[in-house]
Structures are given as structure tokens and as C-alpha cells.
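First, one chain by itself: the form predicted on its own, in C-alpha cells.
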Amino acid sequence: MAEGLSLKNITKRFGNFTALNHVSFDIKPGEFVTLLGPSGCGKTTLLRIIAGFLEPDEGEVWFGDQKMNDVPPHKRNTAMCFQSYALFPHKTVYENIRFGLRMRKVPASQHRALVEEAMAMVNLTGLENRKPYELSGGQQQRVALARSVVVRPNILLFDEPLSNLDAKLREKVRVEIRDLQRKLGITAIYVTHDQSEALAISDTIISMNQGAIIQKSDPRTIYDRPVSKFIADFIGTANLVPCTVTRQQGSLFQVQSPYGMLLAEDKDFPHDSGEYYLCIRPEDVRPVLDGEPAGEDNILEGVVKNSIYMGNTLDLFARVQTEPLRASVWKDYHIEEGTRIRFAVPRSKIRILEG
């Protein structure tokens, strides 16, 4: 049965270093939440506190209506998938998956049915007698996943489980993890520093830096409407330049930037004027060909320094006035290096951000 989770003012120190600084958030039952941030931001420390491997110096951990601070790990009904898989090399796939059932003293008569069901969920049927060294990296990760779900935890924890896999296999396995989590309805907390992984797999992303939560939002919101320069820079690719803004009317701002004077419609920006940062995503920049109307879009004129064909897109690295501008455009454009070109940027696609 899925269980909700609440963290209240969690603080953790290691000597003089504060790894977590009054972290609080709520997770709904059955929700898939990703803790995203750079190395050292506190996300793995937070995961270990939820699992019970570490105790917070301050704050409370609640599973549903039960306070868990003094509850040992083996009584929390959580399961964790580790980055290293943590498989027993001398045991078969079957014995590795069965291990959690034995530790929880599930009657032996139920083991085979439960293990076979878990193996079927992760497409391992027929491999029960193999040893971990006889499996591919993706198959080893599926064994670790089956071992976690076979005990039917209320909360499933992932500590960068796909970092040892190549890029194509990561994409495949993360879809399998998401499908399995939805099928079982388990609450999941997933730690990663991979932004694309977080965007692809999550109901909610909690972005962290220096032991604190910077933004908690659904993937589309955190990408399209970041609350700070740090979020915009860390999640995805962004053109970020300093700017001076003045509110014109309602959500319309005049923006003086190294790209020139622009107009931005930003309903989320609370201030009337001041010095901030301008954010433009590369995919929101489009070429304006000769004779093509621009409408109310902002027009930036520059020279293409690099034109890189990526298969699904054409990446353009241009210089507008003295500032670099990156654009990710439709793959069928043929734009050569050295081309002088105009770019259109819709007002509604410009974000104004604090540092």
C-alpha cells in the first residue's frame, strides 16, 4: 500500500558542514518524486534519512500519520535500489531477489510465487539460475529492482540507480521503472543529478542546492518557469544574461539586455523594476527568413558562428551584438556558419529571474 511522506525542518550536520538546512516537503501516496541537484547538494543524505540509515540532527520524518525518527530501517517498510546494484555475486538471480523476503521473515512457502511474480514484472523470467556476472548491466539493474519490489514496500527509494548504464539503456530502464511504479502504485523517491532523467520520470521534481530546496514543481513548470538563475542553468540549456527591467503594464516588461531592448511577458515575475537575469531557452528561438513576418516577437540579429547538425535538431551558436546566443531549430533548416540572420523570440518565452 502506498504511503505519503512528510519531512519537517530536517537538518543534518557533519562536523562544521551543514548537509541539510531545515528541509521540509510533503509527498502524496503513489507519487513519483525526484530529488535533483549537483553533487554535494544533500539529496543522498536526505534519502538515507528517509530510509533510516541516518538520523537527522533536527526535524521530523513522517510516513503517513506515524513519526519515524526512532524507527530502525528494517521496520520502515521501505526498499532501496542502489547505484552499485549491491547484488551478491555468488548467489543466483533467484536467491538475490529472495533475500529481502528472508530478511523480513516471509514464510518460505510464499517465496517462489513472489519471486517469480517480481521477475516477470521486470522481464527476467528464465534467468533465475544465472549469477550476476552472467548478466548485462541492464539485467543486473532489473534484479536490484525486483529485489526491492518483491517485499511490497510502501515507499521505494532510488539512489542514482541508472548512472552505471549507457545512455540508450538508461532511457529504456527508466521507462520500465516508471511503468512498474505506476502499476504497483508505490510512492517513489528518486535521486539523480541527470536533468533529462528527472524531467522524463517524475510527477514532481524537488531541485536542491547547498542543502536547501530551491524549487518544488512538476517537470513542465520547473523547466518552463524556473524560479531562479540556478534552476534555469542547471535544468536544461538556457541563454542567461544580466538585464535591467521595468514593468510597462500588467505582466509586460521592458528589458534592457546585452541582446538589446526586448519586451517580455512574465506573469510570474513579482517586481516592478531592477537588475536581474534574462532567460531564453534555445528551442524558443526561431530563425526569421527573408520576407517572413515576425509579428510581435522580439527580433535579434546576429551571425552564426557554429551550425551543428544533431539529427533531430540543428544547433546554432550565434553572436548577437557582443553576446553568444544558442538556438535549437528544426532539423531541416540549412543555415551555414557565417550566415547573418535574424532570430525571433516570443515575448511569452522570456523569463526574468533572480540570481
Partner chain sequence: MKTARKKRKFEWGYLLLLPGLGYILFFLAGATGMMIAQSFGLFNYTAESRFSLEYWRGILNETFVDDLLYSLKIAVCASLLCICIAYPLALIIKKLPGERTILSLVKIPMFIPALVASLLILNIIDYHGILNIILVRLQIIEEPLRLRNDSWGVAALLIQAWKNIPFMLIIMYSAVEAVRRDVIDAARNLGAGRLAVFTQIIVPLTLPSALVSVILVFIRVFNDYVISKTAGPLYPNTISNLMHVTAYLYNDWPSAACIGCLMVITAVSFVSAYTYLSKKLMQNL
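This is a predicted model, so every value here is computed, not measured. Residue numbers count along the first chain shown, from 1.
Omitted here: the form predicted in complex with the partner chain. The next part is about that form.
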So the partner chain isn't shown here. In the model of the complex, which residue out of Arg48, Lys305, Arg326, Lys67 has a non-hydrogen atom within 4.5 Å of it? Arg48
Between Ile214, Ala232, Val191, Val151, only one gets a heavy atom within 4.5 angstroms of the partner chain in the model of the complex; which residue is that? Val151
State yes or no: in the model of the complex, is some non-hydrogen atom of Gly250 no more than 4.5 angstroms from a non-hydrogen atom of the partner chain? no
Taking heavy atoms and a 4.5 Å cut-off, does Met121 contact the partner chain in the model of the complex? no
Quick check on Pro219: any heavy atom within 4.5 Å of the partner chain in the model of the complex? no
When the contact criterion is heavy atoms within 4.5 Å, does Tyr309 count as touching the partner chain in the model of the complex? no
Residues in which of 166 to 174, 223 to 231, 261 to 269, 96 to 104 have heavy atoms within 4.5 Å of the partner chain in the model of the complex? 96 to 104
Go through 65 to 96 residue by residue and record those having a heavy atom within 4.5 Å of the partner chain in the model of the complex; state none if no residue qualifies. Pro73, His74, Thr78, Ala79, Met80, Phe82, Ser84, Ala86, Leu87, Phe88, Pro89, His90, Lys91
